[in-house]
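What follows is one chain in structure tokens, specifically the form predicted alone.
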Amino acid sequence: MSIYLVRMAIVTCEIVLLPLLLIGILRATRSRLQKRKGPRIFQPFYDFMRLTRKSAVVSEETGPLFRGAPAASLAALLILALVTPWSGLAAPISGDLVLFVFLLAAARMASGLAALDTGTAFGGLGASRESALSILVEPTLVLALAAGAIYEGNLTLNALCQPANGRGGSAYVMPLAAAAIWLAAAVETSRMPVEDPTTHLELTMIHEAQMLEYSGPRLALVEYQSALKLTVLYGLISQFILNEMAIKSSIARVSGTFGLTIAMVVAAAVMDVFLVRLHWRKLPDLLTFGLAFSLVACLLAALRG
């Protein structure tokens, strides 16, 4: 029981602090690459506290769905963070790959319904675009997680932080699955080349278009949700990479996860600066690569099993 409580306390602290810290690192890195002074690394913490103290401006056309969606979406993502071993430690609550994809879809559905509830053109546009992309993203995530489950011989997500027999050299199963999740994460976290997180042109927005009507504490929750989703997905990718390296020590996995996650955040900042946003019609072609990577990873894992 004491080990369980300690693990829960560590994961809770990571869930509270790490997402906003990673967003601060991402924004600071992007600013330096653009030769700007930019915000401080801890600026997202100040922004979050500032938004929670502000009063919200809510349109009279919106209903309870719009008002309750941020809390519902955040609840789904918090459960996702508790059932996924994204930090390198076994998750306090056991989950499987189906639950992982379901919780992501639940959070996306709540955000989409809230955007439709506003009755604005841009909210509906963003919700429809994100729903269309999810058709390609969800199979990619399912197959990538299935590849890891087949190779480890266990359907639970905790198997990802406990490599079977400490074996490495997985015939590219883990690298291919990690690459597939990386492409899926570009959609889920609204990063380049899928979406420009800094754009102010509503017609090019996907996820950002659903946030236009939020303000005050609800906007703080929505911003934190995006940071938490990025943290969980990048942490999950780190577990696939560490499994390929056959690292089993808890201390090594936690430190390795932290280092790899920061490296991926820096890589995301570089992509934000040097890549251009793809045309909407080109996005299915890009995401098809992720689907192909995950499918090949599943086949290789099944052949080695």
Partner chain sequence: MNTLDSLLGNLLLISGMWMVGLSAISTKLTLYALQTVAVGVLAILVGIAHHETALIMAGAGVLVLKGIAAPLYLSYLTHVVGCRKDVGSLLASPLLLLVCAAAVGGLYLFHPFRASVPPGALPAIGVILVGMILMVSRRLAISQIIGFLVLENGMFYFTVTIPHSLPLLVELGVLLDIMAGTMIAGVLTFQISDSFEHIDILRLNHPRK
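Positions refer to the first chain, counted from 1. Since the model is a prediction, treat every value here as computed from it, not as a measurement.
Keep in mind that the form predicted together with its partner chain is missing from the display, and what follows is about it.
The three residues Thr288, Ala292 and Leu300 all sit with a heavy atom within 4.5 Å of its partner chain in the predicted complex. Note on contacts: among Leu77, Val194, Leu160, Leu176, the single residue with a heavy atom within 4.5 Å of its partner chain in the predicted complex is Leu176.
Though the partner is left out of this view, Phe102 does not reach within 4.5 Å of its partner chain in the predicted complex, counting heavy atoms only. Remark: Val296 counts among the residues lining its partner chain in the predicted complex, judged by a heavy atom distance of 4.5 Å or less. At the 4.5 Å threshold, heavy atoms of Tyr172 reach its partner chain in the predicted complex.
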